[in-house]
Ligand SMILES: Nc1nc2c(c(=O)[nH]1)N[C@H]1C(S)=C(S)[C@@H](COP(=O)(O)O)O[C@H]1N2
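Just the one chain here, laid out as structure tokens, in the form predicted alone.
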Amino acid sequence: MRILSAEPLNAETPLAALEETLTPESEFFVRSHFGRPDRVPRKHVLEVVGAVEQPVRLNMADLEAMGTRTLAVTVECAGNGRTGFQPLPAGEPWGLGAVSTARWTGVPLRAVLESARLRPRAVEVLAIGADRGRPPDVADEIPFARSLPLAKARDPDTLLALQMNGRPILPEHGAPIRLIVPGWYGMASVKWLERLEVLSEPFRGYYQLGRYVYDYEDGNPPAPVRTIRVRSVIVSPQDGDVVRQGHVVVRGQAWSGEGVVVRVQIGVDGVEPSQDATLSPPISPHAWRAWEFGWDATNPGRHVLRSYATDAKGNRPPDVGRWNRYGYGNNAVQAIAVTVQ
């Protein structure tokens, strides 16, 4: 892991580990806004309150009894690729390793909301974590908290996750309960979940309006960060590698929050048209898709490779990401330099 900060812990997944279909828990990237809660007991109780007819308190056994499902989901930090922006925005200096995929087992949030019976005026569901702290520009200590529109909260694939890759979630990944919101950047997947509050008006908290917004500093109001933008990453060979002349297998992963990736093309030294890579079968509508490309590296010297993904809605990444104040959503086409000898 590449450690960006030790307290709170922020660490990137090595690019080589991204070649795995599922990321091992020990190499799954970690994003923390505050220090990990000192103790989140196994007898943890989740509260559901607010604009509901029947407030409820649910322990782990209560949740498991409601019925679980398992989904492979790619989770990506909104700041992944931040170091590709110039000038570098404030925030953790993520390269391209703030993304990982796991099989999450949990209870659909929809089932929990149904058990509490939402009132007609409900508009959002606020997820509140047990981690607390004081951001640099905030006077009081606050928890990490984010809200979801009712439609996303009720999506059958939005989970209260209890397991990760078939085992209890590790503390650094949000044990014992975390939210998993497929298709949205990772800030929505609140860790160490201890409270759900159904709101009758939109949430206006710090991490809803003060951060996780696209602020282009162009005079227009900031827009919320939500859906993961389409991206493809080359994981082998890596930037700066030396390869033998001849047949070279180029491998990578591609994903999008808008839909399954349907095409990956590889550009060599800027020559168009790009050539198609071979896609592996999708493992889930919400997970990355592995690809590989056979490159005839016949000419010695330095070469630049680029990968371009297209999702089911026709979205493609830009050659250059649009700079924004907090450095979110940079899905610019990745370029790597490889020397053939």
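Don't overthink the numbering: it's just position in the shown sequence, from 1. Owing to the predicted nature of the structure, the values given are computational and were not obtained by experimental measurement.
Beyond the structure shown, there is the form predicted together with this ligand, which is absent from this document and is the topic of what follows.
None of the heavy atoms of residue 176 is located within 4.5 Å of this ligand in the predicted complex. Using a 4.5 angstroms threshold between heavy atoms, residue 108 stays clear of this ligand in the predicted complex. Put simply, residue 308 is far from this ligand in the predicted complex: not one heavy atom of it is within 4.5 Å. Contact annotation: residue 237 falls outside 4.5 Å of this ligand in the predicted complex, judged by heavy atom distances. Among the residues 190, 161, 196, 264, the one placing a heavy atom within 4.5 Å of this ligand in the predicted complex is 190. Shown without its partner, this chain lists 287, 297, 30, 290 as candidates; in the predicted complex, only 30 has a non-hydrogen atom within 4.5 angstroms of this ligand. Taken together, 157, 182 and 255 are entirely out of contact with this ligand in the predicted complex: none brings a heavy atom within 4.5 Å. Between 244-252, 217-225, 198-206, 128-136, the stretch whose residues reach within 4.5 angstroms of this ligand in the predicted complex through a non-hydrogen atom is 128-136. Residues of 203-233 that come within 4.5 Å of this ligand in the predicted complex, judged by any heavy atom, reduce to 212 alone.
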